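Form predicted alone, single chain, as structure tokens, below.
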């Protein structure tokens, strides 16, 4: 039998449907691959027994003719999603013993669709980083070069997908944390429009920016994975009631006549495949139009002010009093301080301190309010661009993965690390990265068109 872990998610679903193999077969193959590649440190928590139970149940569902959209497909979950009865750590010491009694809405929908849970993947602590080196559980290695980082913060998910340790994985984006590791690990990633997927049960970093999304080997796989995750959830006040589009059906390989915008601010630095990609899009019948995104340069500062201000509030709940790690002290205040000093890593503490300043009486008016105003101007850039074009096209991350040692010395904070990613997070528009490192950004709620164009982009090898 062919190595089942070499199959894409789409091929796996087709094979299961045609009874070429069982969910138990493919799940066992992935569990073995996880064991063989444990040195990559892609997973924080592995759930082999649970996975096999779910796989057996999926095979029974198929036998009864009641298969869901992802029935029997083994996937991994970024350890920012709360999973009932399975440890959820956000890669932090302060949550290293936390086992939720509830399920995140998005993962619950994946289980309802028949997916099989292989385990929880590594991430930068509380998703704060772009290299997966800030995790309390150690750095994840890029499977293409183990001396290099996989990107972040969804680096564990990206590495697991790239190393064929799962058929697909969930991720989260706050400032580019799906597309960044997708680019570094040469896989596909997609974040939908803000509000398409419920944030209920996803450990919060910055609430106005956080978005659940997916990583997989192809855009077609991403469409299969993300569609069941979407839909209204009354538990999340920001979740949209809009009807979920047919994302898989939108992949018709046809972009003839489409207007594709090329932002000059997103092409200051480009990878080797950039010019061939532009030519390829023209050959497919698309019209390329230059557009201006003048406030792009401000996106990084705006992102850090807003995200850190919101993080300060969200992380205030981790005090050792109700759940998670507690470090005792002589007084209640001392217990709080001891718990937070020992429970949070240095990067998280740094961001919380800055966030406290940005939201202080002085910092709020001097930094937080101006950042929100600039965020509105960045959104106006997108609105004006989409008056002329259907989607925007650019590199995702125009640099190569840095080494783990370089990341430890600040390489992850370089200018082009996520300069092309943050603006779309600040505005909530859908965006994705093809497995050749090229990015497509679309209008609010037009997730189907983004995936449609990315699917064509991925045809260029």
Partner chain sequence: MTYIIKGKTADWEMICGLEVHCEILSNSKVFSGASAEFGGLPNTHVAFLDCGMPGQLPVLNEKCVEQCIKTGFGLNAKINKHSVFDRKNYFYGDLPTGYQITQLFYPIVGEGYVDVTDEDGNIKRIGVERLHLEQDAGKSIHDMHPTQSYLDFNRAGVGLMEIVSKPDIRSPEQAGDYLRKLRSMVRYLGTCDGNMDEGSMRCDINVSVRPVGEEGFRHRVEIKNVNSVKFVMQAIDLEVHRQINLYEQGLDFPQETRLFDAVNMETRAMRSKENALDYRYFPDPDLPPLNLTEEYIENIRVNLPEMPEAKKKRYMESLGLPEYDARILTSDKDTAIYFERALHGGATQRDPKKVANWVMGDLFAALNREYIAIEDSPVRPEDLGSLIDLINDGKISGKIAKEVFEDMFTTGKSAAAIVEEKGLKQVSDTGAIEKMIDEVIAANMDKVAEIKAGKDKLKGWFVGQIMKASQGKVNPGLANQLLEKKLSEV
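Positions refer to the first chain, counted from 1. If you're wondering where the values come from, they're calculated on a predicted model, not measured in any experiment.
Here the subject shifts to the form predicted together with the partner chain, a form of this protein not shown in this document.
Undergrad: Scan 360, 147, 112, 267 and let me know which has any heavy atom within 4.5 Å of the partner chain in the predicted bound form.
TA: Among 360, 147, 112, 267, a heavy atom within 4.5 Å of the partner chain in the predicted bound form occurs only for 360.
Undergrad: Answer with one of 254, 208, 273, 279: the residue that has a non-hydrogen atom within 4.5 Å of the partner chain in the predicted bound form.
TA: For this set of options, the contacting one is 208.
Undergrad: Using heavy atoms and a 4.5 Å cut-off, decide whether 101, 202 and 235 all contact the partner chain in the predicted bound form.
TA: Judged in the predicted bound form, 101, 202 and 235 all sit within 4.5 Å of the partner chain.
Undergrad: Determine which one of 180 to 188, 332 to 340, 165 to 173, 69 to 77 lies within 4.5 Å of the partner chain in the predicted bound form, judging by heavy atom distances; exactly one does.
TA: Comparing against the partner chain in the predicted bound form, the contact stretch is 332 to 340.
Undergrad: At 4.5 Å between heavy atoms, is residue 382 in contact with the partner chain in the predicted bound form?
TA: No, residue 382 stays farther than 4.5 Å from the partner chain in the predicted bound form.
Undergrad: Is residue 389 part of the interface with the partner chain in the predicted bound form - any heavy atom within 4.5 Å?
TA: Looking in the predicted bound form, residue contacts with the partner chain do not include residue 389, since no heavy atom lies within 4.5 Å.
Undergrad: Quick check on residue 310: any heavy atom within 4.5 Å of the partner chain in the predicted bound form?
TA: Result yes; residue 310 sits at the interface with the partner chain in the predicted bound form.
Undergrad: Does residue 368 reach the partner chain in the predicted bound form, with heavy atoms at most 4.5 Å apart?
TA: Taking the distances in the predicted bound form, the answer for residue 368 is yes, it comes within 4.5 Å of the partner chain.
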